[in-house]
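Take a look at this single chain in C-alpha cells; it is the form predicted alone.
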Amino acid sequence: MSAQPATRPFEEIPLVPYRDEYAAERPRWIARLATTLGPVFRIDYSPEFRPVYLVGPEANRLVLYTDRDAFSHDLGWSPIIGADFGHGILNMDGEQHAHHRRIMNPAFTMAYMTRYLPLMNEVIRERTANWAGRGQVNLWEETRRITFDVAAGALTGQASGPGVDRLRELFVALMYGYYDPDVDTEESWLERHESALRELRGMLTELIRERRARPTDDLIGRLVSARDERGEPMSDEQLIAHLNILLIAGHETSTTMSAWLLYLLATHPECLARVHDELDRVLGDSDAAVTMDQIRALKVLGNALNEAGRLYPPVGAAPRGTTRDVEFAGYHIPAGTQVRYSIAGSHWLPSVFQDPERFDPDRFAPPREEDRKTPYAYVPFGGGARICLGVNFAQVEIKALAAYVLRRYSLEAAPDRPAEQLYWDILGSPERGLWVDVQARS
C-alpha cells in the first residue's frame, strides 16, 4: 500500500501579491490562479491581511456542506460589517442561526411568493414608468430603487414614499460611502458615517415600536411576535440587526443580478430575441401583470438569469473564519484563519464551464446543464443548509422585473459609457454604472 502524502503546512500555501488593477479582472485572475496554483492559495493584501482563497466545486462543497461547521459566518462576516449592522441572520452560527432562520423560513418559501408578487409588479410598474421619456438610464441605480422598495415593502409594509427613499439613501451611504482622502478628513467622514448610522437606527427603532403596538403579518411582524424557548421576545437591538441584514441582502443581490441580466440581454441580440419569443408565447398579448405560473414557465429567461449570476455574482468571495483545523487539497488550514470561498473564481473555471468568459445561457439548459454535472460549481446564492434565505424571492423578483421591462422597452448599451464589474475582496458592483439607451417598444 502506498503511503499517503504528508499534509503541507500552512506556511507553504502559495502567497500571491495583490494590485488594485486586479479588481477589474478578479474572476479571470482568481480562476487563472486556481488553474496554475491549485484550489488553495493566499492573497497578500497587506502584512496583516492574507486570507486563504478556496476555489472550485470541491472547495465550495467543503465550505458549504461537508465541513460547514468548521467555517464560521460570524468570524467571516462580522469583521467586515463591523458593529454598524449588528449580529443578524447573516453572521450567526450554529443553533442561534437555526432558531432565527426557523422563524423567517415560512416567509421565504416559494409558496409564499404569491403574496409578494403583486407588490413586485406594482413597484416595477411605477419605477419604470418614465424610462422611455428619459432616454438613457443607469440600470444599476434604477434596479436598486426597485429592489429596495420591494424589500422594504415585503419586510415593513412600506413599499414607497419619502421614508423608504431615505432608508435606501442611508444604506447606500453606509455601504458605499468610502473615505475619500481628496475630500474627506478622518473626522468629517466619521461624523458623517455616525450621523447616518444614528438616523438609520432611529428610523428602525420607531418602526419596531409601531409593530409592537400594532402587530402585523409582514416579516417584521413575525420577528416582533417571535419568542425564544423562555417565552422572551427579541430585543430592539436584535431586531434592528435582523432588519439591517434583511434590507441589505433583500436588495443587494437582486440589484446587481437584475441590472446585469438586462444589460447582457441588451448586448446579445440573438439571446434577447429568444427571450422575446418566450415572453410572447408565455404571456401572450395580455398587458396584465405577470403571474407565478408564468414566472415558472420562463425557462429561457431563467437560464439567462443564471448566466448573469455566473458571470457577475454579487458576492465575489464569501468570507468565513475557521473554528477548527481543516485539511484541503493537501494543505493544513489552522483554526482562526480568514478564508474566502471564491464564487466568482469558481464560476470562471474553464475546467467546469466551457468558454467561461462567454455569455452563454444555454450552458444551463439540457442537455449541457454544466451546473448540474458538477455539484457546487454554481453558487451565486451559496448552497447547502445555509443557502441564501431569499433565493426564491430574488429569482421571482428578477424575472418579473426583466419580463416587464423587456416587453415594454428596447434597451441598447450606451456607447459612450463602458460597463465594468469591480470586485474589492467581497462584493462586486458596476461602479461606473450600467447605462442603456431606452425607447418604448411598439
Ligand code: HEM
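The structure displayed is predicted, hence computed values, not measured ones. Note that residue numbering follows the sequence shown and begins at 1.
Keep in mind the form predicted in complex with ligand HEM is missing from the figure; the text below concerns it.
Looking at ligand HEM in the predicted bound form, residues 124, 259 and 403 place no heavy atom within 4.5 Å of it.
Look at 391-399, 404-412, 51-59, 23-31: in the predicted bound form, residues with non-hydrogen atoms within 4.5 angstroms of ligand HEM sit in 391-399. Using a 4.5 Å cutoff between non-hydrogen atoms, residue 42 does not count as a contact of ligand HEM in the predicted bound form. Contact annotation for residue 352: none of its heavy atoms lies within 4.5 Å of ligand HEM in the predicted bound form.
Taking non-hydrogen atoms only, residue 356 never approaches ligand HEM to within 4.5 angstroms in the predicted bound form.
Although the partner is absent here, residue 381 lies within 4.5 Å of ligand HEM in the predicted bound form, judged by heavy atoms.
The listed set 240, 300, 249, 279 contains one residue whose heavy atoms approach ligand HEM in the predicted bound form to within 4.5 Å, identified as 249. The contact residue chosen from 264, 234, 89, 170 relative to ligand HEM in the predicted bound form is 89, the criterion being a non-hydrogen atom within 4.5 angstroms. Residues 314, 315, 318, 320, 341, 343 are the ones in 309-343 with at least one heavy atom within 4.5 Å of ligand HEM in the predicted bound form, listed in sequence order.
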